[in-house]
Structure formats: structure tokens, C-alpha cells
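Below you will find one chain, with nothing else, as C-alpha cells; this is the form predicted alone, and questions on how it binds or moves follow later.
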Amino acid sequence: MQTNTPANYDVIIVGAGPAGLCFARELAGTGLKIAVIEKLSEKVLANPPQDGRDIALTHLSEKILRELDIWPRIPKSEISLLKEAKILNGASPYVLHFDCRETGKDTLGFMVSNHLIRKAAYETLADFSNIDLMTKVEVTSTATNSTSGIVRLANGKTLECSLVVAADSRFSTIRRNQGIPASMHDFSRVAIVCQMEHEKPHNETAFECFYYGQTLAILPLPGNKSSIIITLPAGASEEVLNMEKSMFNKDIQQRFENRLGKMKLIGKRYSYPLVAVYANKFVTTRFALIGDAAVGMHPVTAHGFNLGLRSAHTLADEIKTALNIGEDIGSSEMLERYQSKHRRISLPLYLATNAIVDLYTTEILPARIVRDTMLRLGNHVLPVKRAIMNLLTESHL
């Protein structure tokens, strides 16, 4: 028989995606009693299906994942280095080129499939008895006050805690439930993602091709294999998704001007609507947002996962600081420190990314001229170029 007596926790995390799992792992060694609430089954969390998304990780993200014992659990054979990046604009032969040799590092970043990160993050929680993973259950309501947070579940259970953390996607129902509005930028476009084999080596080089009416990204994976991201107007996505395989292979090969020779689709094509989201605030009374629930990025600058991981790391650091100085882990002071730090990092990136996307998907002639000019400035104005590469290769908060 179930009772109405609340189960008590220090922190309740809603959502066991990469941000939620990494945040739980960040706090695992603190001794805090933590609950992670997830709609999916534990079987799916233990062995997530491939979803077509391959993540470009910065050096800072690699460092954080290594400290959390997540990085060593990802097979080395599944990690690809990203040594160069080239950006093309329409039919222009001019290329904005980034090379890791200009940074003094061996790589600009790393490519890892999303499902492998999720699997490794889940595995790291197995040995921590202070973390309760509750799966196949939904949150029906949340409420917070000056002393506690209350989370009610669809199975009739009620949980009480010092801090509620939402990590349940950019369309977070928990964020809305807590009365936090979010600014949304609907690009009216869809990203179709897949993996392809190709005849020629990619030489660990990523390409972002801003063609008129469509964007094509080619990201290096281990071997002669690449992650393909096609961004196009929403109305044109079904045709590409349902295109016969041999026609699709030929279409991508031709769009990429045969740089990689013959190309062949591996597995399925997946589609994701492109909507960027920025919460108007990241905290309220005994409540915080992390991951996409705080900031959902357009993938063009590849900072979505990196920002989400950084938010989990920043909030966890503030909680650890609060513990060390005897401060309430759900205090408004602690939450404001987190919000200030993450907004300072995320807002400029969010605004800049949206501006880049808007510029490079506008087809009027003045925009085309500005696009080409910006690429040339990016190559020749060295402080700008160094700033972009430093953002990719930073290894400290």
C-alpha cells in the first residue's frame, strides 16, 4: 500500500538525458541524496538507440567528461578527432578555414555519437547508492516554497527535496509548470541527420556548406565515415527523408561536389525541427534549469551539448561550494551565482548563433554579399579568428 508520506531527497533531477545524467554524476560523490526521474525505461537508458546525432565536443567538454569517468567508457575507436573546419558560402570558391595547428593543439575538438555519451553517463551512476533512478514514470506537478520543493509523480508518489532541477528538453514542461517563460526562435527549418560512408578520406576535416536554400554539414567520424546534417525548409524535408537510397547517395555526393568520392547512406535518416530556446531566467525558488531546458541551441555552431554540459558542471560546482561553506544548497544566493555565470557564457553564444543562422539562410542579394564578406573577414582579421578557435579549444572554465 502506498502512503502519502513524501520521500525526502536533497536534489531531484527531472530528465535523464545527457545533461541530467552528467549532473547526477557531478553530485554523486557529495553524499547528497539524489533522485533522477525519467519517462524512458532503464533498459533504454542502459543501451540507448542511435538517434543520428553526432556531437562535436570542445576540449572543455572532454575534460569535464574525463573527470566524471564518462570519457574512458566511450570506446576510443568511436571517437574521431576534428583537426580542421572549412566553411563555404554558396557557389563562392572562397573558404573560411580553421586549422588546429594554429592553436598549438592536436585537435580543434572531438566527434562522438550522442547515444554513446548517454550510455557512458548512465554506466557511471551504477556504483553510487545515494542516487535513485526512477524510470518509466512522469512528473505530474512540481511546487516550491522557501523551505522545500515538492514533486508529484504519475504513480501517486510524492517526493520532497531542497532543490528541483529540470533537465527535460528545450520544450520543458517542468519549466512551464514553474512559471518560467522562454524565448523561442522557430527557424521554420528541419535538420535531417544520418551517417554515410565515402570513398575518399575526410582527413579529420569538417565542412559547413551554406548553399542557397539548404545547408549541408559534413562532420568526420572514425574511418571513411561522416555525420551528415542537411538543413532545409520544413516543407521540403519529407521529400529528402523519403528519397530512394541510391538517389539520396547521389544527391549528397553531388551537393558536396564529389570531394569525398562515392557516398553511401548507413542506416536511417532522422529529422529534427529547428527551434532555438532561451529561458527568460534559469532559476526560481529552489528550482534550476540545466541543459536544453535552460538553453536549446541551433546546431550550426555545435555548442548545444557543450553548453548543456557546462550548465550541469557550473550548477554542481555552486552546490559543492554551498556545502563547503555550510550554505543551504537550495538558497537563492547559490542559485543566483549559477544563473549569473551561465547567462554570461550562454547568452552571447545564443544570440550570435541565431544571427549567423538568420544571415546564412537569407537569400536576398545584400545578405549574400555580407555572407561572403564575413567569411573573408574571418580569415583575415586574426583576433576574430583566434577568438573563434579559442572558443573551440578552451579547456578551463
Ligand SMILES: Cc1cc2nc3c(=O)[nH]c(=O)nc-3n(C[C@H](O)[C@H](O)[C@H](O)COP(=O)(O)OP(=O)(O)OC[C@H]3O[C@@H](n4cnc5c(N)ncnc54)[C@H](O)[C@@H]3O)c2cc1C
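Quick note: we count residues from 1 along the sequence shown, nothing fancier. Note that the structure is predicted; figures quoted are calculated from it, not measured.
The discussion below concerns the form predicted together with this ligand, not included here.
Candidate site formed by 180, 287 and 318: none of these residues places a non-hydrogen atom within 4.5 angstroms of this ligand in the predicted bound form. None of 263, 279, 218, 302 but one reaches within 4.5 angstroms of this ligand in the predicted bound form through a heavy atom, and that residue is 302. Shown without its partner, this chain lists 65, 27, 56, 335 as candidates; in the predicted bound form, only 56 has a non-hydrogen atom within 4.5 angstroms of this ligand.
Residues of just one listed stretch (232 to 240, 255 to 263, 202 to 210, 288 to 296) have heavy atoms within 4.5 Å of this ligand in the predicted bound form: 288 to 296. Residue 139 belongs to the set of residues with a heavy atom inside 4.5 Å of this ligand in the predicted bound form. Residue contact with this ligand in the predicted bound form: residue 272 places a heavy atom within 4.5 Å of it. Interface membership of residue 306, defined by any non-hydrogen atom within 4.5 Å of this ligand in the predicted bound form, is confirmed. The shortest heavy atom separation between residue 162 and this ligand in the predicted bound form exceeds 4.5 Å. Annotation for 107 to 122: interface residues with this ligand in the predicted bound form are 114, 118 [heavy atom within 4.5 Å].
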